[in-house]
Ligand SMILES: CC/C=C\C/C=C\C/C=C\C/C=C\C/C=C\CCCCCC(=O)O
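Just the one chain here, the form predicted on its own, laid out as structure tokens.
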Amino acid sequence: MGRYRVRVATGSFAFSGSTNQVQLWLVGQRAEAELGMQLRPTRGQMEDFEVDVSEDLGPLLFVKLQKIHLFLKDAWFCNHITVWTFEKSMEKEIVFPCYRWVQGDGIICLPEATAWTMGKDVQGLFQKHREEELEERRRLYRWATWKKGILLSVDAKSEKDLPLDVRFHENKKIDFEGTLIAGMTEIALKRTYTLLSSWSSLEDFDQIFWCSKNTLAKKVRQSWKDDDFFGYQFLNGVNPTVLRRSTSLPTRLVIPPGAEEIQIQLEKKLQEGCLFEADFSLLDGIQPNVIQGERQYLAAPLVMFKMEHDGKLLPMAIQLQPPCSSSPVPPLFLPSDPSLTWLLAKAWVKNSDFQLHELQAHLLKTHLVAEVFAVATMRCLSGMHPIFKLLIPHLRYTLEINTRARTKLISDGGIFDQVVNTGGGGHLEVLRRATACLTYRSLCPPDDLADRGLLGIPSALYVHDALRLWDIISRYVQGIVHLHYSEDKVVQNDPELQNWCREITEIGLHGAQARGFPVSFQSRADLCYFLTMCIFTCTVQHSGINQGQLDWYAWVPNAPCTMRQPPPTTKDVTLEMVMATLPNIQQACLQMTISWHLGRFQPDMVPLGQHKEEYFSGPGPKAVLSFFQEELNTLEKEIVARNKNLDLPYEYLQPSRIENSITI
């Protein structure tokens, strides 16, 4: 008995309204009532109405809705439904979040927004709903093996096979597909404009370098030959994940006869604690690609660096291939070598860095790992679960962008096969090797950066910003977890949560417990650390790895996608050798286009922590989210102020530039 005010909110993006009618029911603990109103939801609108109900419904648990069509079946995107009750002159607001597409003629049940674990639902009010929801989700979101030895993926041969709820919205789809067409058109224009059949000098690359509005890309063009600029990229460039402080001279570093002086210098820097290395041995033995009938070439370099007192990281020596008992000792390339010799050696390093960046740091350790989180979340956590509510904004669009990558980027005949020297199957072997050595610690910056000896370096801006953001996300996660888990035992006794953990580690990650991933959570601290890693991976880490592609890869000689001649085995290098080794015109144009497409700012980008969906109800979660946003805003101001005093600002981990999920 009583009067209710109901508000129905429809999504604001293209096609989210519907011409179909919508029927609503209110479901309480004691009874349910069909509301005699039939709505035609309009895009971007909130529709309000009041109803009198004769039955005593008791506390409201659900809103049920059904979309009724006459001729045309068009989907409707419902944001949420809000109901106000009036008892004893007091108004109470109850929110029923939806944030998904309503399709077909079936009845959909929306529970109220309070987060419930199974342990909290002692009366079993929501047990049947949870079971039915998860049964349906497990039918929709199935695991699949895309390639043996690589993390499991969602079962979808193309993006059209994905459930509509995880597909791109129309504006995102139009932008994504439109920019691909624009990119291919630009390649054709560049080929026509240059009228070149081959390169003859490094300056020829200027003819396709159309980045006049990109300040950092222009800086790369001007400074890419400089040793300090080369070193800077390993600290703060597009791939800050390879560098580590040396604790001993690498065993693969064999000093050739006559180069004893460099060994003395290396040992001196080692003793001073300022010797660093970047080792690309993961690429050793990978079969290089064949592009349009022409064999490409790969190296597996080792670079030794020294850290100067002013924070500059300078290369000391480059070994392009590991030593082999059946071959002569590989040469050690030095800054004192002829300029073209040293330049070509550095180009080989950057080509190898390109491979590990795109395949290991970017694809595996953000995209594919996040996909495992997404599929496990949809299969194991009901929509009422607090951890589902916490994570779901950070999984937006990830399944579709990954599915598109498997059909266009790393597929047979895809971009990697067309233009990258690990393509043609080598990229899959790199992914398998990288998967086999993927550890839990490597995904957690406090552990990873400590393991790599990178803490406390003032010029390591990525390190500084990543750790600050980890701490901010950790406090946000702790706030939400502590609201819903009063003690460790509550965590231990949550079956949905424990199933989610096992599904990630034992299924999605191929039994990764031997590499440190948990198979259960024994405490709130365990859970918080894991959730912080999940959100950090889907937001901060992807931003730091993805955003810089246009900046650092647009000037192709700085990070060539392929190499067309074998690595030099002597120090007699000519300009003709350099030009014959770097990517040809077609390859360079495609590298620039894809770098622009993947690294550009996304028009519908949602910044970290700024999601508009309200999955939680009550003042507690809202206060936690508000404090999270305040901390991000404070860090934003600090980074902006710092960058004003830098010749080369580091902006990739500026909170306003970090996307809330992996969408590109």
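In this text, residue numbers run from 1 along the sequence as written. Predicted model only: the values in this text are computed from it and were never measured.
Same protein, other form: the form predicted together with the named molecule, not shown, and the subject of what follows.
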Identify the site as open or blocked, taking the pose of the named molecule in the model of the complex and overlaying it via the site C-alphas; a blocked site has 3 or more ligand atoms within 2.4 Å of a backbone or C-beta atom of the shown form.
open
Decide whether residue 591 counts as a contact residue for the named molecule in the model of the complex under a heavy atom distance cut-off of 4.5 Å.
yes
I'd like to know if residue 125 sits close to the named molecule in the model of the complex, meaning any non-hydrogen atom pair within 4.5 angstroms.
no
Considering only heavy atoms, tell me if residue 232 and the named molecule come within 4.5 Å of each other in the model of the complex.
no
Contact of residue 467 with the named molecule in the model of the complex (heavy atom, 4.5 Å):
no
Within 4.5 Å of the named molecule in the model of the complex - does that hold for a heavy atom of every one of 362, 401 and 419?
yes
Ok, 134, 216, 409, 490: which has a heavy atom sitting within 4.5 Å of the named molecule in the model of the complex?
409
Which one of 180, 580, 340, 83 is close to the named molecule in the model of the complex, taking close to mean a heavy atom within 4.5 Å?
180
Contact segment among 624-632, 593-601, 63-71, 41-49, judged by heavy atoms lying within 4.5 Å of the named molecule in the model of the complex:
593-601
Contacts with the named molecule in the model of the complex, stretch 99-133 (heavy atom within 4.5 Å)
none
